[in-house]
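Below you will find one chain, with nothing else, as structure tokens; this is the form predicted alone, and questions on how it binds or moves follow later.
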Amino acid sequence: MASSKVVILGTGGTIAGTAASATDAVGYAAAQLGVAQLVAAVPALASRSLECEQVAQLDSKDMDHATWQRLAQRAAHHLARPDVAGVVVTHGTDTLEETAYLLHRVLAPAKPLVLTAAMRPATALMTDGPQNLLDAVTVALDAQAGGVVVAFGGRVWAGAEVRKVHTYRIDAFAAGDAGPLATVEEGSVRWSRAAPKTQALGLAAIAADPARWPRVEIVLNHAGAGGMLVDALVAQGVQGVVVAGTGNGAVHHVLEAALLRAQGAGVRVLRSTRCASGPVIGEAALPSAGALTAVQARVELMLQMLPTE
């Protein structure tokens, strides 16, 4: 008999945030409520077999490598349990796409690992967190679910593709050209396509002390862009640079020259785009990040460069 237990790992974020007024959806403090409190606020979850664990308690703008490492370890631990059907992670929206991509590349689990979040704090008059959490548990228990996905705003996004596309609206996520994997409707999941697959790097890939993880930074191409920032980063010992180019990953010739100098000095460089959708295609002097966003490309480059124990 298939297990019906779901483990919910809390990391903080707006979904756990509070404000002094129910009409305040901006001036709130993130990461104030524990994950067990979030679950208790959703009556429909009372009949589900759930376990809660607080992995971290932070505003996701402050997400760090040590928390990523700990979250991946705890998620892997629970996913390996035969009595667990899936794992849900409550997270902030600001860096959710980065966390989702890292978990996708490191764990690529057969069981569902579902991230969810909220755009409005728990105290808001019309908070979106409880419905998103309920949907995430629904997805974690769905027979067709698997891999790292994000349940948000009634839709399911692939962890390899999701990106935040709005600063305020509750439908704040998309997946570029790919679109959603599924829709959650009245407690049922309607799948449109399968999630993209990858070969898991495994926890050993991120076993090194987070203080030793390679430093990878992002620079932006724009009119009049220069190379001063890249030169300064190289002087400070940066190990990787992602450039968010204009259009199809185009880079101002002065900035490109600095990036080529950095590449010649042994710094790894990837070329992405600042556009919301579309891959970087075609040959160029700087290697393409493909369809990865700049922040996903940063995670990918860092994972490729992580030291082995």
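Here the structure is a predicted model, which is why all the values come from computation and not from measurement. Numbering starts at 1 and runs along the sequence shown.
Omitted from view is the form predicted in complex with a small molecule, to which the following refers.
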So, a 4.5 angstroms cut-off on heavy atom distances: do all three of Gly13, Gly92 and Ala118 pass it with respect to the small molecule in the predicted complex? yes
Taking heavy atoms only, is Asp59 within 4.5 angstroms of the small molecule in the predicted complex? yes
Is there a heavy atom of Trp68 no more than 4.5 Å from a heavy atom of the small molecule in the predicted complex? no
Counting only non-hydrogen atoms, choose the one of 134 to 142, 92 to 100, 223 to 231, 193 to 201 that falls within 4.5 Å of the small molecule in the predicted complex. 92 to 100
